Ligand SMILES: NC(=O)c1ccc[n+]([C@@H]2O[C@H](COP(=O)([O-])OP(=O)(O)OC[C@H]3O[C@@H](n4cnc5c(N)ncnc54)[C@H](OP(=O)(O)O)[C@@H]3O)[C@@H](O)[C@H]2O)c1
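Heads up, the chain below is alone and in the form predicted alone; it's given as structure tokens.
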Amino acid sequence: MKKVVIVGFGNIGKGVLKAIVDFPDMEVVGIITRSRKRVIEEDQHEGLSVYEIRDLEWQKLDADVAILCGGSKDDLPVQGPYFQQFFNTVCSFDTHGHIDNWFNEKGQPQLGYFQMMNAMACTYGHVATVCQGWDPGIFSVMRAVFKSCLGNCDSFGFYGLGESGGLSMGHSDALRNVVGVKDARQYTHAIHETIDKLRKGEITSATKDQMHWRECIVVLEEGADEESVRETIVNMPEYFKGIKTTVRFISQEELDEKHQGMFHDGLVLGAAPFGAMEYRNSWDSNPLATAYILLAYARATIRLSSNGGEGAFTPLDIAPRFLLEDEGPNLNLV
């Protein structure tokens, strides 16, 4: 039985605990959280050992892999390298522009998340599988397949295909970290005119602002300035800057009543002069879907480690058979 520890117990962490019943070869052996009291009071732990990050008692855990369930903006860049010292890890880091080395707004070079995790994993002899959600993640694999099989054509990811858009967990988390924001939700909307033009071959490329617009629903802290918060949001690098973004302020009561759903969907589209390829997913719950993907890649992480692997791996580095419960040939899937 493969032993899993959950790091962070927000929506994704709770999703992992719920989804693991469908992974009979895996079990959760502990939860690491900022607030043990909250987890215990919510009765979410189901008899599991719950540890606070600062207590360090969790270092005694015998776990094959840690599933890192924190947010990409502020949690994972700190927690990822830290926990990599102690465990093999899997995460859904999704700030695309920060996966590889990057430059901040002052032009200063910054170490990419992949490079940080690779350095720590190699130092401690562990495996880190990074960016294993649905985008990056499953979408990354589809983009690679389409690009190679359609003669090196470009492929594009679109999100929030329905009228109400799709809830983005990472962008919602980024909003909640803005000073003056009490609570928030962010919906991504695909621009269907661009999808249609790509399908018809009328265009062969598209910029970020031609592909999506973003809707931010925000509850302000008491006394916060609307315009200051709005300016901070629309100018946030890697999240909203350069893309049409609307910001609407509502009450906590309205948000609780009308914005609790977590539906999201998307597609990858690759188009060449002779044909096109598409992949689409649709999730009733974005965090639960992400949890299922993380568990599959947690299984792969353990196998990579058992086979002598170390260092960081992206979705493109992992053979699909490593995701399966049965490690055999699985010719029935071919």
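Residue positions are given as counts along the sequence shown, with the first one as 1. In this text, all values refer to a predicted model and were calculated from it rather than measured experimentally.
Form predicted together with the named molecule: not shown, discussed below.
In the predicted bound form, does each residue in the set G157, I195 and Y279 place a non-hydrogen atom within 4.5 angstroms of the named molecule?
-> No, the whole trio is out of contact, none within 4.5 Å by any heavy atom.
Could you work out which of V229, M169, A121, A184 is the residue within 4.5 angstroms of the named molecule in the predicted bound form, going by heavy atoms?
-> Looking at V229, M169, A121, A184 one by one, just M169 meets the 4.5 Å heavy-atom criterion.
Considering the named molecule in the predicted bound form, find the one stretch among 265-273, 65-73, 297-305, 22-30 with heavy atoms no farther than 4.5 Å from it.
-> Only one stretch qualifies here: 65-73.
Heavy atom of W134 within 4.5 Å of the named molecule in the predicted bound form | Although the named molecule is absent here, W134 would touch it in the predicted bound form, with heavy atoms inside 4.5 Å.
Residue contact check: R176 to the named molecule in the predicted bound form, 4.5 Å heavy atom = Contact check for R176: yes, within 4.5 Å of the named molecule in the predicted bound form.
Is there a non-hydrogen atom of K37 within 4.5 angstroms of a non-hydrogen atom of the named molecule in the predicted bound form?
-> No - in the predicted bound form, heavy atoms of K37 and the named molecule never come within 4.5 Å of each other.
Answer yes if any heavy atom of F9 is within 4.5 Å of a heavy atom of the named molecule in the predicted bound form; otherwise answer no.
-> F9: contacts the named molecule in the predicted bound form.
Members of 279-296 lying within 4.5 angstroms of the named molecule, judged by heavy atom, in the predicted bound form | Stretch hits, in order: N286, T290.
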